[in-house]
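In the structure tokens that follow, the same protein chain appears in two forms, which are kept apart as structure 1 and structure 2.
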Structure 1
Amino acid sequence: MSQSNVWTHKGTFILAAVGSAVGLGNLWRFPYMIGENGGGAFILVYALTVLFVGIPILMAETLIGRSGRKSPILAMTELTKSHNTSPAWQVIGWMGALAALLILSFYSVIAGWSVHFGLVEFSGRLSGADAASIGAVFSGLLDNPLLLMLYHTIFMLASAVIVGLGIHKGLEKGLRILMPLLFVMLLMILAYGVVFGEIGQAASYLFSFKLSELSLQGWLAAMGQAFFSLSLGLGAIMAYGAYMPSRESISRSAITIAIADTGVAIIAGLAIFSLVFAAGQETAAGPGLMFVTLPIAFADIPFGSLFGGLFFILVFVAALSSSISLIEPVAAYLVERFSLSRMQAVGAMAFVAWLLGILTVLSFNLWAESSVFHALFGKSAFDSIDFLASNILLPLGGVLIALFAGWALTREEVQRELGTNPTWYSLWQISVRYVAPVAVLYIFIRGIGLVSGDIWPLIIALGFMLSFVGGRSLWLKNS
């Protein structure tokens, strides 16, 4: 990789990785999960999982990216050859690329909703509206495939233009504008919640340490959120790591990214629930929280239309920073492998994702009740694509990344790239060889519904066996 393909500004990798991690899940999923699963107890499990699973895999993925200095697919191709490992490990790059394509296809549709609600909020139509009226606005959006297609197209084009402009003029410049803008708007919404909302009630909801309310399912949710929130297994961190200057510390960057990602989610939770409680609304999960409950709250609070519109711009920016990280790994591969121009590569990736997004659009209206997906999988097209990407491809990719980095890469090159002392290296190696694969394997098996929680010790035992026997003896030749 030429020097022109390395980030020119210090800290851009952190901005890029945080941008990839901070998205819709931080705004509508994580805050709700905290409140419903023991508050501070959930945060503790989440933090421990980030520390012992998330950060080590984040470091491993960055390490592979910077070692390969190519797109994830080609980087894995070269690393398997240079480290004398089975070519089968190249599947890591391909799984990440497929997961990114699938997630981008439905992510763009859902993120497009923020355009609609931003326009509606700024217009003042929702000022003083009741729950039924706002629910009708959301239902009317979902029932209109042409309108969904319009917003899906707008969002996809915005994402593609940023990535298509290149590493420096597009990605780097875009991230250096988008991320500070996101943080400023988030703090504005928080300040608004402090003045007009119930910030004390929101803090109590999020931080009260209620261990009795943290079930085994809650533990699993905390572990899963910690893994998925950092955008691990997608190839995005690997792609961004390929542009990371050699002098930057991977360890410090990984810790900073994890803290920033968690901080954004918690601040968002305080801001959102202070408004929800001020309006006397019940907490809700998923799209209902963001596109029904929150507009109801804004409708009854001073300057609600203005700050409601600003909030949905925040949602759009957060989603945009994540979507460009989904495009980059595949686009980089197309440029390197087929000598396409960057705009051609991005256009091809975005167009395929846009086409796949039509399946998600139709899942909310024309195919809401029945489709070939319902017949084959018992789920809608949207749910089927989400399940394949989030419950299968991402966790499997995370396990393989940890095992490859822990067993195939030599001690010398890892210490050189990580710039760590022997003690920190040993702790990292234990985590990526054993702790992280076992934890993510447990998330994967429970996530696809193969077993109940009663046999988790057996799953952990099998995970350790897989990590040691598989990593040491069967697939890899270097330790």
Structure 2
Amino acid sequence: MSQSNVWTHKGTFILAAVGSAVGLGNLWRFPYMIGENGGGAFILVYALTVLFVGIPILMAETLIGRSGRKSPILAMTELTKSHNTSPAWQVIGWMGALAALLILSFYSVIAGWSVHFGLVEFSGRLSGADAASIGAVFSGLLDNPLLLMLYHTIFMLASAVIVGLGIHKGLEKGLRILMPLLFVMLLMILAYGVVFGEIGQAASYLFSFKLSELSLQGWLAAMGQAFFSLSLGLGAIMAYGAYMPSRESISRSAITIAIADTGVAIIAGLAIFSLVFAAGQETAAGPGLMFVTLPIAFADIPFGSLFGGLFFILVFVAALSSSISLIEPVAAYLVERFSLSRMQAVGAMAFVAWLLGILTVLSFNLWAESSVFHALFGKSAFDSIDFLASNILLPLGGVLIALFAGWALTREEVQRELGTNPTWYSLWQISVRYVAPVAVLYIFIRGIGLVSGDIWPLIIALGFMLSFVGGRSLWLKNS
């Protein structure tokens, strides 16, 4: 790879990866999942997952990206050849591309809602409005497929333009504007929450826990959320890692990214819940937390329209810095493989995701109650796509990435990338070889209800691990 495909500035990798990680997952999904899954108990499990599973896999992904120096699909193709492993590992790249497409399709629709709410908040229409009429703004939006399509289109175009302009003029330049903006707005919202909200109540809600409140589903949800929030398992971080200068430390970057991502989620949670409590609202509103409960709170509190509008710009910016990382891995592949121009490649990816997004748009109106998805999976198209991508493809992608990095790459290679401290190396290796795969598989098998009970999923996860290690000559040597 020529030098032109390496980030120009030191620290751009961290900026880009944090941009990818911080998004709707932190501002929208994390707070409502806390509300649905027992407050602090959810945060505890979440934090443990980030520490023991998230960070090691984040490092593994960056490592593979930087040693491959290509788009995830081609990097995996080359690594399987150069390491003489089974070609089956290439599924990592393909599954990742599919997950990116699926996530981008609904991500763009939901990010689009923030455009609507930003406009409505700034118009001052909601100031002093009652809960029913604010609820009607949200349901009115969801009931209107054309309006949803309009916002979905605006968001997709904005993302495509940034990626289309290229690694330096588009991504790097865009991120250097978006990210500082994001942090300034986040701090303003937090300050607003501290001044006008019930920050103490929010903190005790977030940081006190009863483990009994955490269900089996809660564990799966926390894991799915950790993968989603850290942008793991689909190659986004791998694609950015491919542009990372060789001298930058992967382990330090991974820890910084995880801390920043979790920190933003917690700050967002604090700010949102302190306003929600101040307005005497419920915490367990589900996905409507940000689009109904929070606007109700803004309607009640001084300068609500102004800060409400600001909050939704924050959501838009955070979502934009994430969606570009969903386009990049697939677009980079299309450029490398088919020699398309960058604009053509980005256009193709964005267009297919835009089309798929129609399924999500319809999930909130014409297909809200019944559709083929309800008949097949018992949930709407949006919920099915989200479940398939976040709870199945990302964790499975993560397990495969961990196993590949842990077993297929050589010690010298890994130490060249990660540094030579033997203790850190061993810790990382134990995580990606055993801890992360078994933990993810266990929760995954339990959570999707493949078998029932507590013991069987563990036996299956351990059985997989044993047969993987026992049969590794099959997977690691392609003779």
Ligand code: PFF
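Bear in mind the structure is a predicted one, so any value in this text is a computation, not a measurement. Between two forms, the rigid core is the largest collection of C-alphas that superpose within 1.5 Å. Quick note, the numbers are simply positions in structure 1, starting from 1.
- Working note: structure 1 is the copy from the form predicted on its own; the remaining copy is not.
- Superposition of the core reveals a Cα shift of less than 2 Å for residue 428 between the two structures.
- Residue 38: CA moves 2 Å or more between the two structures after rigid-core fitting.
- The Cα position of residue 345 differs by less than 2 Å between the two structures after fitting on the rigid core.
- Once the two forms are overlaid on the core, residue 47 shows a Cα shift of 2.7 Å between the two structures.
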